[in-house]
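Just one chain is shown here, as structure tokens, and it is the form predicted alone.
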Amino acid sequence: IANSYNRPTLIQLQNTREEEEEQQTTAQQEEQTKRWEATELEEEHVHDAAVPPLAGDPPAADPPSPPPSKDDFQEELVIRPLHSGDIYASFQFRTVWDADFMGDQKVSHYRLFPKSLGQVITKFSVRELHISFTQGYWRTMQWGQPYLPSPPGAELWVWFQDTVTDVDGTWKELTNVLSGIFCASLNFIDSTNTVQPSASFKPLGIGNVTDHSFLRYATLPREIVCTENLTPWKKLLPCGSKAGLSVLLKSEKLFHSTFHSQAVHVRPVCQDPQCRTTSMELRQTLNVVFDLHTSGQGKREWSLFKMFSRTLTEACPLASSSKVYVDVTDNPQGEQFELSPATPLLTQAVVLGDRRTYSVYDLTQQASFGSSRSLNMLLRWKMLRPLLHSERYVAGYGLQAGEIHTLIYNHHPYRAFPVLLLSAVPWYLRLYIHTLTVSSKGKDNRPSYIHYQPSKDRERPHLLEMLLQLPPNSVTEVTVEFERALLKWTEYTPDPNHGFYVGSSVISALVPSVVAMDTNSTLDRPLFSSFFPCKEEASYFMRVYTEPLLVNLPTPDFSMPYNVICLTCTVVAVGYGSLYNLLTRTFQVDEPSPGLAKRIANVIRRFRGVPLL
């Protein structure tokens, strides 16, 4: 009886194994033919004729995927060999939630979206929030354009909802709360370093907001970024630093780099192409540039382990998409650098007006890790000039007057395009606007739009916005003179001789694109190529930051008060002390002590009972 039951079972198992082997063989053949990952750049008839499977999509035989959940989390890492030979790594963590923060309904249940930020958005009626902490300056001439630019130090700009009545009071409370969340010095943001731009900073999310009274912008160029800022930033991630791409965020390596920038962007986005409903998007970005010279490594080899001291072992379990992109645009035939392990998945995306090719590693697929169950990569490289970049410096001598020079370079060979220049200068540098000059190729370049808000001492800084037309292949110089103010002795920093920082100028522009842009926003589009909204096919939006300025102010000799205090205390102690002793001391006349013979005689007389001598 046992044999009669076991024999059919063994036959069924054998048939099942044969079927599994056939399915594996078919899957391997399909995997060999799959070479390109479909992106939004491919034309529609190519999709209709033969649609290649997307990276991370199930095979055709699998059942269709379930409808998307109410919240979604994606993570990406882009590794780009720079023209200078350094390595640029950009992390993108995107959380989209269908909750309505701007409505009357209260949001109470949080799953992937961090509760701390959700409560801040609800309490202060925030429409958009953009905050960045940057250590170092992005060198555009050597590295090209970053995916998400940010100035050195801390930058914060917020769009409030139109229901806010006291914008300045809400802004002050919001900076104090964010200072506690990110362990930063944002509580030092006040009216003296806050401006209200009129044209430069438009909402990056949906909505057509034209009332700039609900916008506030401030920078702290002296802010130092360290581990205490990175730790709360990582805690906002659904997986923290336990799984996924966030395991690479090791502070010892990140802060031992040439450039490091971490940012948080919150904005409303569309749920569907028709934008019938909206969602709230939280995008956490971290950009870092590793310098091979300072790290002591060789110039021709790089790996994930050399950059981060760790390798990837798994994707975040809560992420619907987890990918690593390696820029191989300058390496079409593998002549410039070798990428190991090789991946058959390739994708193309238009980034900053240029069509780039990327090798894709899908961490949700176990085949990406290989037999070692870890992912490590080797890199190499090439050198280009960006279309738009800028410089700024202080000229002059002495501690009374000076000049601020801003140079804006347009390296496009035949196209001119307009740019918006925003400069926020502290009040203690008194600008002479009548000395403002703009020149290009040795000729005057008259701005088509100027907005200037003068400063008030100890209340608000200068605000200067200009719309300039940059001629092709030219350098536009903006110069303005200023006079240094003498501060009160209590307003100086603990190290006044180090100087005072002036925040970076902001240049916003629509740069002509060399390829046609895709204005349709799709779910399969890489995160790093879809932050700034694109509404024109012939140009793309770019924001460039200049260097922060370090200006010396007239500084008193702070050792003189110390010397005066010491001298005064010495005079008081010696003079008043002597006079006090003379007035309060009592004097008594002491009789000379008798001799030894007299003392002996008095002892004998005391025993005999006779009077003493």
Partner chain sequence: DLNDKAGQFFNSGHTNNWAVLVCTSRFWFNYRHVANTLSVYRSVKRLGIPDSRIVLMLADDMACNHRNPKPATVFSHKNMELNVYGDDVEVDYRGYEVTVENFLRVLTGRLPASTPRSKRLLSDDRSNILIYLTGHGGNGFLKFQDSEEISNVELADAFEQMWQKRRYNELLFIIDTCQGASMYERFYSPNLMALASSQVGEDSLSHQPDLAIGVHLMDRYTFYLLEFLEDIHPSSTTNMNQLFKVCPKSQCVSTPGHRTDLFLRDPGRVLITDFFGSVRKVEITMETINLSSPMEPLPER
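This one's a predicted model, so the numbers in the text were calculated from it and none came from an experiment. Numbering follows the first chain given and starts at 1.
Another form exists, predicted together with the partner chain; not displayed. Remarks below refer to it.
Considering non-hydrogen atoms and a 4.5 Å limit, does the partner chain approach Ser303 in the model of the complex? Contact check for Ser303: no, nothing within 4.5 Å of the partner chain in the model of the complex.
Would Glu252 count as a contact of the partner chain in the model of the complex, using a 4.5 angstroms cut-off between non-hydrogen atoms? Yes.
Please check if Glu477 has a heavy atom lying within 4.5 Å of any heavy atom of the partner chain in the model of the complex. Heavy-atom contact with the partner chain at 4.5 Å: absent for Glu477.
Spell out, yes or no, whether the shortest heavy atom distance between Arg222 and the partner chain in the model of the complex is within 4.5 Å. Yes - in the model of the complex, heavy atoms of Arg222 and the partner chain come within 4.5 Å of each other.
Out of Asp168, Glu391, Glu228, Asp162, which one falls within 4.5 Å of the partner chain in the model of the complex, going by heavy atoms? None of the other options qualify; the answer is Glu228.
Among the candidate residues Asn497, Ser340, Asn176, Gln271, which is the single one with a non-hydrogen atom no more than 4.5 Å from the partner chain in the model of the complex? After the contact test, the surviving option is Asn176.
Given a 4.5 Å cut-off on heavy atoms, tell me which of 415-423, 231-239, 430-438, 468-476 is the interface stretch with the partner chain in the model of the complex. It is the stretch 231-239.
Heavy atom distance at most 4.5 Å to the partner chain in the model of the complex, all of Ser90, Arg139 and Gln284: Not a single listed residue reaches the partner chain in the model of the complex, so no.
Taking heavy atoms and a 4.5 Å limit, what residues of 391-414 are near the partner chain in the model of the complex? Nothing in the stretch sits within 4.5 Å of the partner.
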